[in-house]
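In the form predicted on its own, a lone chain appears below as structure tokens.
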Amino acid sequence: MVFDMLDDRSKQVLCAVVQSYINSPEPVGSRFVTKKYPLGCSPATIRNIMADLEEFGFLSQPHTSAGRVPTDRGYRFFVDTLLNTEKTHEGDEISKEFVRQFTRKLEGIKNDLNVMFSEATNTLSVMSSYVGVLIPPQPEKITFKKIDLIRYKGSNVVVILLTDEGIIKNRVMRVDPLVTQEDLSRIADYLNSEFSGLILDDIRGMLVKRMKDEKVLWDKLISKAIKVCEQALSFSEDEIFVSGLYDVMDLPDFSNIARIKELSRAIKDKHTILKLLDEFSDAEGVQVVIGDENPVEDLRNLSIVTAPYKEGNRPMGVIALIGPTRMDYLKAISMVGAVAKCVSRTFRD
């Protein structure tokens, strides 16, 4: 790897340039590095090292007379260094009190997942000034426990779905006006006895099969139950919780209107974000995707820090921060990891 070509001093200079640029979005010169960091080198030596780093693709020079700025490769080296140093683990230690307090806060609102997930993303965005994103558990990860069907008005029925993970989903749907509350109660009893303990995605597959099974359809009540269940389980799968989209625009990195449009398009395309972040649901710990590493074109000027939240050892969803490549990675990594830990604890208890 190109990283292996760098000696210790070059690595120190590279990290110094990246950290300086994160602190202030101005090209970093050799004199500034010499004064700011005790590297024991003259400005001329630092300048030569920076020129070598530019040749290797870790730094770039916006103008001939300007200092250097990190490239995506430079940020990648910096992040990989962070993820493998004690400094990051010290950040985790600092967050222990935050984890205790925030977990306690989430415990008080965990019965309403919409509120809890909104609180998690809002906290992330407020504390980081980046965009907080949370992907809720998808059907293939949710276990059916119980369903209640309550007639509401006319042919409307309130569906209350409870999962083994403690997730409660509510929706109103329309059914045949001839279906009585007694029918609905019998349908709910049938569904609860037949499907409790199964994954929602598996249940949907079974429903499709049973709808085609003439031996089942002779029972009109079961036929209605299958149709009602098929409707009841068709909750939106492209739900996504986002916070801080407008606040992030105050960052100097988003002074360019084109950059703002890219971010807005990427966030609005929920299906793309879901697909991208879902790839990290089975990952261990915090993951960082930088600039051109993003498969989504509108995110290639941005970085994403992600971590899965779990029920025990079972992945449930993903929490993320989206921000500029000039992101405070140490803070973002620590925060995403801490919030994911808090959310995981609410599923565990």
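Fair warning: this is a prediction, and the values are worked out from it, not measured in the lab. Numbering starts at 1 and follows the sequence shown.
Same protein, other form: the form predicted in complex with the DNA, not shown, and the subject of what follows.
Although the partner is absent from this view, Arg9 contacts the DNA in the predicted bound form, with a non-hydrogen atom inside 4.5 angstroms. Among residues of the shown chain, Pro324 is not one whose heavy atoms approach the DNA to within 4.5 Å in the predicted bound form. Residue contact with the DNA in the predicted bound form: Thr45 places a heavy atom within 4.5 Å of it. Although the partner is absent from this view, Lys35 stays clear of the DNA in the predicted bound form, with no non-hydrogen atom inside 4.5 angstroms. Each of Gly40, Gln61 and Gly67 places at least one heavy atom within 4.5 Å of the DNA in the predicted bound form.
Here the chain stands alone, but in the predicted bound form its contact with the DNA, taken as any heavy atom within 4.5 Å, falls in 45 to 53 among 279 to 287, 294 to 302, 314 to 322, 45 to 53. Contacts between 6 to 36 and the DNA, taken as any heavy atom within 4.5 Å in the predicted bound form, involve Arg9, Val28, Gly29, Ser30.
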